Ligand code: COA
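Okay, here we've got a single chain as structure tokens, the form predicted alone, with questions on binding and movement later.
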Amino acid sequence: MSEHIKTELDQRVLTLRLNRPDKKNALTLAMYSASAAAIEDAANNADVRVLLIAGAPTAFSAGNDIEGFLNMPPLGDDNPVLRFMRALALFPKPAIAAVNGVAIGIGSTMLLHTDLAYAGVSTRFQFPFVNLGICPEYASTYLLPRIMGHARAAELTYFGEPFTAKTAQEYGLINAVLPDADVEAHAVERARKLATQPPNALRVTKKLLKRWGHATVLEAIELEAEHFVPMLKEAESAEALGAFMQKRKPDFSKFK
């Protein structure tokens, strides 16, 4: 288990905590691997009825650790990123997210694969993929238009601008907006209540709710990954990421 991923089982709720606050919970390959292992174990552990994913008060997750990804891009069909994506997408029990601070990139797209998500009023969400010269991931190109409509999904992904928790709720990305200090307590209360519900009835209900788009979600995860990883090595991404590291505005005028 990575030191940056902590788990705690209490009252049949497994809390998986992203624990790298000094880097705003930017996800490394080790964090993906540890998270995937914890979720896979929870899926098969009868003592776990609900999964709760939480971060730090100032950051749910700032997305991928860019420098780490450039030095060691996630390759292969069973790389830690895809393993995590599949583990959460296939998780058969209720999954809840408690979101505070920033939720950037996969910090936002993973919410598409939880069942319930609660965010603090100060939370800022962002899908910055195009700005970084890459494409969206985690089946978001399928799920975002399905949840909020094409026009809204296009605006959020094409421009990659931050948006508020109020907008996230209005667009159907999260369930509720709460005072920052109350988010995790509310998510825990909801999780514990779910943990008292009939477990098989919940599993079957979740299976049926996800049944109709399930195959497409898995296909989208794979197809997006086929584009995402090569795009990390292309010139547009090099310019975007170089500008990010150098704290300057990127220049895409030379690209066709």
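As the structure is a prediction and not an experimental result, all values here were calculated from the model. Numbering starts at 1 and follows the sequence shown.
Missing here is the form predicted together with the ligand; even so, the following discussion is about that form.
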| property | result |
| --- | --- |
| In the predicted bound form, the one of V48, A225, A37, I66 near the ligand [non-hydrogen atom within 4.5 angstroms] | I66 |
| Heavy atom within 4.5 Å of the ligand in the predicted bound form - residue from A42, I53, A62, A191 | A62 |
| 4.5 Å heavy atom contact with the ligand in the predicted bound form for all of A98, K166 and H186 | no |
| Heavy atom contact within 4.5 Å of the ligand in the predicted bound form, the stretch among 142-150, 89-97, 104-112, 170-178 | 104-112 |
| Heavy atom of V81 within 4.5 Å of the ligand in the predicted bound form | no |
| The ligand contact at A26 in the predicted bound form, heavy atom, 4.5 Å | yes |
| 4.5 angstroms heavy atom contact with the ligand in the predicted bound form for E234 | no |
| Contact flag, D22 vs the ligand in the predicted bound form, heavy atom cut 4.5 Å | yes |
